[in-house]
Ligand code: PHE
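Listed next as structure tokens is one chain, alone, in the form predicted on its own.
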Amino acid sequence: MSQTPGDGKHRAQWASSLGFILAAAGSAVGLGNIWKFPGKAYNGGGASFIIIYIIIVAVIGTTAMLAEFVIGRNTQKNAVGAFRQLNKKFSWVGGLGVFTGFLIFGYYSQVGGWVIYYIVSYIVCPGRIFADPKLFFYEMLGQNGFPWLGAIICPLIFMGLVIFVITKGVEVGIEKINKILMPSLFVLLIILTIRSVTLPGAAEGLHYLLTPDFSKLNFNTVLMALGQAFFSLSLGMGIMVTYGSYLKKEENLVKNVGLICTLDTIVALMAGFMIIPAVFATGVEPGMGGGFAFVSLAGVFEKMPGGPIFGCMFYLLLFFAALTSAISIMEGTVAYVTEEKKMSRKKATAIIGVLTFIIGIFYTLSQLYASIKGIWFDFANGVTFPAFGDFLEFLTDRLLTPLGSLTFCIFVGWVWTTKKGIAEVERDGTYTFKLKKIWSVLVKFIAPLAILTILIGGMVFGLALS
């Protein structure tokens, strides 16, 4: 049996290729696929956005993911240890990824708790949700008092599940749970998609998703597709470096990257076909982000025959996606602490859990404040600052994640060199990397340029990339 990091004996490894692929795909398939992609596809022109998105994933996303995998498998270390081994001056690059994942897990676990609350609510009292979806959401956040359910109890349950899996280790915990959750996620997604496309009036939504209208494409649309691709694939957080470090040397990295990116894209596309036809059929205006998932969709399920049942199934789907991603995000930080600080896995998960839980509470409280006062904190003399939750999402989604991807690509392309990266992929002639020259150009020039575009577009022009 594989050992877990920090045991002082042997480093953890995936027991099978399937386990690794499902775990990595589970990391990529998260909340962004289920609620962000449909909204962006709708606002970006439907089929036109989808075509651009697929091209970006195939060209840029696979390039960046392979860069992370070669670093991880070559060193067999966590993100910080990997960069330190290859070049000590760049160990901060791995630290940036770990720090980003640490922050993201703080609010991710809160949203995961909200999903649990909605699953129970759709089973017990769907009528309360349908009566006033916005009020129901705000009450969960604690509009009439402290958000015990939204900030403490439900997120604590979600985090407890994540910690339980992480403490079991890579093979027994992460790999095993993904072999259960990922197939379950696909089953639910297929059922909900079939229900959506067979609704009366769904044909208009299908036409929107299948008929390109390139007149709607603009710079903002391309930037949204770029941002969605990188964030959806869990790039820039060191997660794929850590997961790659658990790979056996005989694994075919190029094949695995292709399978993971394909699975992630299929889930995103199916989410689009699950949501957009239903939106057209029910006449509910879609949005993007949490407000869409927890408020707008209630209108869809209310008008749908068997709405409470399908509402419960949707949030169960969302729960599976959130759990698999949260596990991978936390694992990146846990691997760093257990290996670099020589701490036991249980102690590391406990400390990280407490710290991120505190961050998460402030995230939910800031959402509560925003729901009552608006999205800005007002101070004396007209000075305004963004609410903590909005700032945290901006910092991680628009700045730290793309910055992490940028530094990873630059490191592989120019510091460690693509020659060594290609050698790791080919494993001394075991595999033939037919696209190695193209990948070298992509990781050196095209991917960094694309990521810089995300950073500049998101920060300078204020475009919606998260």
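Just so you know, these numbers come straight off a predicted model, no measurement behind them. A residue's number is simply how far along the shown sequence it sits, counting from 1.
There is another form of the same protein, the form predicted together with the ligand; it is not shown, and what comes next is about it.
Residue contact with the ligand in the model of the complex: G30 places a heavy atom within 4.5 Å of it.
Heavy atoms of F105 never reach within 4.5 Å of the ligand in the model of the complex, leaving it off the interface. F231 belongs to the set of residues with a heavy atom inside 4.5 Å of the ligand in the model of the complex. Taking the partner from the other structure, the ligand in the model of the complex has no heavy atom within 4.5 Å of any heavy atom of A225. Shown without its partner, this chain lists V334, L318, I174, I239 as candidates; in the model of the complex, only I239 has a non-hydrogen atom within 4.5 angstroms of the ligand. Exactly one listed residue, out of A278, I329, I71, L297, brings a non-hydrogen atom to within 4.5 Å of the ligand in the model of the complex: I329.
With the ligand omitted here, the record of contacts in the model of the complex names 231-239 of 303-311, 231-239, 354-362, 211-219, defined by a heavy atom within 4.5 Å.
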